[in-house]
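In the block that follows, a single chain appears as structure tokens, in the form predicted alone.
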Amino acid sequence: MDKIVEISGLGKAYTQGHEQIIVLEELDFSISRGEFVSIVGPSGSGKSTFLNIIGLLDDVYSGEIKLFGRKLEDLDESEKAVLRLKNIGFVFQFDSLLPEFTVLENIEMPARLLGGDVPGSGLDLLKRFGLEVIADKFPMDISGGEKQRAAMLRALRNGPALLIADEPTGNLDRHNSGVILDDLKRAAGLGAAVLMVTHNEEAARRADRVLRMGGGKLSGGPANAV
């Protein structure tokens, strides 16, 4: 499998008063195309910081990171912005759909940001995931689970190689959480590398690998071994 993310010796720290707080320490990590990896850990353990660095939302760190075979230190800010828009999809705890646009229009937003020259269509995605019946509805007219699924399809619209999911089931009941996790596995099956952080142990075990974050480090292995 192609390596999508390769990290070596990742460190992150900040100063609070006269004390240095270490968030990430000499952390190594990789994820390949088609792989679904989950990370669990308590609040404040550095999970979201880790995702922000991989998602090119935080560029203050030590160590080496390669995304899609390219060293981040070799990229300027405009190159990072294009890389993020074309190759990384984000799913958060809150769907953040724009209420004045239909579901289909929301899903098409990432393609519009790239000038609309993106293969496929939002409607194709809706059909593939069995959601075409909500294409012309507005966010206020669909359920919470449908909103989160629409947000995931928006993240997939540009065909990203990496899908980052930060507590994607945090606001959902057990049934809808299961649906979202099925969708994430389907996204990995379509070729994306899927990286999820969650507090939910049951949800984490749906991934191919479960890693635990603590003390700035990652540990773990196959989901069936956790």
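Each residue number is its position in the shown sequence, starting from 1. Here the structure is a predicted model, which means the values were calculated and not measured.
We do not show the form predicted together with a small molecule, though everything after this point is about it.
By the 4.5 Å heavy atom rule, the three marked residues 16, 42 and 93 all count as contacting the small molecule in the model of the complex.
For the candidate set 176, 48, 200, 158, a heavy atom within 4.5 Å of the small molecule in the model of the complex is found for exactly one residue, namely 48. Look at 61 to 69, 48 to 56, 26 to 34, 178 to 186: in the model of the complex, residues with non-hydrogen atoms within 4.5 angstroms of the small molecule sit in 48 to 56.
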